[in-house]
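A single chain comes next, written as structure tokens; it is the form predicted alone.
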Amino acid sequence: MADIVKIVVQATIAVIAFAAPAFAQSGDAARGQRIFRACAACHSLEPNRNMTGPSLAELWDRKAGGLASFPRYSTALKSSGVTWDDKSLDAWLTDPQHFIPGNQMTFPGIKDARQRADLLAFLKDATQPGHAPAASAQQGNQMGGMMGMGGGAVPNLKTLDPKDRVQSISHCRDTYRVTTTDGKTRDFWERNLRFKTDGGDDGPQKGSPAIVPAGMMGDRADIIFAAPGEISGFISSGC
């Protein structure tokens, strides 16, 4: 009887081990694309188009921390020895900090196995060369204008409408007054306006900073310059 039980247990383990990879491949890519919209604020599917996080293009079989064009990997990630595949990515998406302790990923993980399978099904195809969907399909909410700011992924800052391009900035006491090239002016409490730079391909034209939404209430914004040296020279003082 003990031998029979042992055989049954071994057979059950073998079935589970065989079924696990199959389940990993059974995700729905269409559902996964919708899930990816939450990731698109930090990760692009375009080769070497890095954002807060690295590009995910050609992710499978890449060493963790190994994309040469991304300079902001944590030491923990670079020294992990992990290669990205179905198994390691599933573990990463479940709980990044548990899988590679000390990394800088703020995302807490996806605990639902079906959602992970759907996301992996989408990514496995979308990260292949030439398979990335259009940027508009990758993103969730799109950027609103200056006077109606919501959340959303930052677009190419070289191709903005006049309402999203800054013409002048003045500072008086605790208030910034921002005028855009469509002639509209808005006041911001100084703690609600942040100044940033983007010298990459998607950054703004020199001398033509962009204003983009920040936060959910419409009272905060980021102004993004092409280079640090532009910031102080662009802001005038006076009430």
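Predicted, not measured: the structure shown is a model, and the values here were computed from it. For every residue, the number given is its place in the sequence shown, counted from 1.
One more form of this protein exists, namely the form predicted together with a small molecule; it is left out here, but the text below deals with it.
Contact with the small molecule in the model of the complex, judged as any non-hydrogen atom within 4.5 angstroms, is confined among 173-181, 206-214, 63-71, 192-200 to 63-71. Within 4.5 Å of the small molecule in the model of the complex, a heavy atom is found for every one of L89, I110 and L123. Contact with the small molecule in the model of the complex, defined as a heavy atom within 4.5 Å, holds for exactly one of L157, A117, I169, L77, namely L77. Taking the partner from the other structure, the small molecule in the model of the complex has no heavy atom within 4.5 Å of any heavy atom of A29. Contact annotation for F99: none of its heavy atoms lies within 4.5 Å of the small molecule in the model of the complex. The small molecule in the model of the complex comes within 4.5 Å of a heavy atom belonging to L93. Using a 4.5 angstroms threshold between heavy atoms, T185 stays clear of the small molecule in the model of the complex.
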